[in-house]
Ligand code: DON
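The chain below stands alone, shown as structure tokens; this is the form predicted on its own.
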């Protein structure tokens, strides 16, 4: 059976691809030269499965998407109080490169704008950390989030430093308020290296999934930061991650997120999934035009808004077993509880991993008490693809959890009330 989730991602990419609005970041020469037609999306689950479509393995620089991860490293290295004393957590309502400082104290309003991120960079590692050691710690930490060794794009770094006048001005302003305690240019150089780290869309999905997985990388199993650090980072991402579009994002999309001016965009659903997209055309806020559209679709299709509380319950796939033998054998996928996208992904996985050799397959919904729209469509797509593979599919649905179960073109299901109606009759 062909995989379902990459097909869904490819369909979503196809729908947004015609949108040619926006332009790559023009104020950094290397970014201005980016191919505006690049497009990718990836999902990473908290147990390490990655699904992608489009240019998922094309490298680009992480830019401001580094901010929440480096904020996490600073919190882990220095503790909450020293970091909060230098960087606040309030939304600025201003563009990412504004000089947003608290009146009187000079403290940056939050770590997601440049003033806060430059300060945060200076707080990574132990006190009096040498600048080169600090940069090494940042790259090592970002690599741990990604689950592989990352490197710096030196051409982008040089291009950004040649045009870093505004960030240098911000750093000097921070130094005048003692928010920075060392040479302003040196800190900006380190921060620019941080932003010039190369990643792929696949990397970003895994980095987001590490936050979703309480700070544990789903592939390597390494605990990168603690749960308390993750909670702080996700809280700030939710309120500040999309700059002066953060309010609209929180209400319409409802996913803790962070964008970067190279065209990347990440989102994290705690305990569920990490999402990443890549498209270099930016809107006036500095966010990827097509990336924002993709996230709006994902949130709507899959019920991913953080205020949509998922049903509590046990594992969705209660049992995956066979009744009978030989030509009469029936494969039974017994489901349970409330099923949302994350649960339906487990159903898809069970069907793919089993690759049922049996001629007949039953999807048993007897113990299911709720199923949302995207999960409904995914379950029916499983049925459709099993049919296309030549199998006879039964839907055990005594409570009519799936009314009018149409699997779509080429698909066919037989609805029964009990497994026994589909099971082989003893001879």
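Because the structure is predicted, anything quoted here is derived from the model rather than measured. Numbering follows the first chain given and starts at 1.
Only in words, not in the display: the form predicted together with 6-diazenyl-5-OXO-L-norleucine, which the text now covers.
- Just one listed stretch, out of 376-384, 361-369, 63-71, 32-40, contacts 6-diazenyl-5-OXO-L-norleucine in the model of the complex at the 4.5 Å heavy atom level, and that stretch is 63-71.
- If you check 6-diazenyl-5-OXO-L-norleucine in the model of the complex, you find no heavy atom from any of 119, 138 and 190 within 4.5 Å.
- At a distance threshold of 4.5 angstroms between non-hydrogen atoms, residue 256 is out of contact with 6-diazenyl-5-OXO-L-norleucine in the model of the complex.
- Taking non-hydrogen atoms only, residue 232 never approaches 6-diazenyl-5-OXO-L-norleucine to within 4.5 angstroms in the model of the complex.
- Among heavy atoms of residue 260, some come within 4.5 Å of 6-diazenyl-5-OXO-L-norleucine in the model of the complex.
- 6-diazenyl-5-OXO-L-norleucine is not shown here, but in the model of the complex it comes within 4.5 Å of a heavy atom of residue 286.
- A heavy atom within 4.5 Å of 6-diazenyl-5-OXO-L-norleucine in the model of the complex is found for exactly one of 302, 273, 195, 240: 195.
- The partner is absent here; in the model of the complex, the one residue of 159, 217, 114, 200 having a heavy atom within 4.5 Å of 6-diazenyl-5-OXO-L-norleucine is 114.
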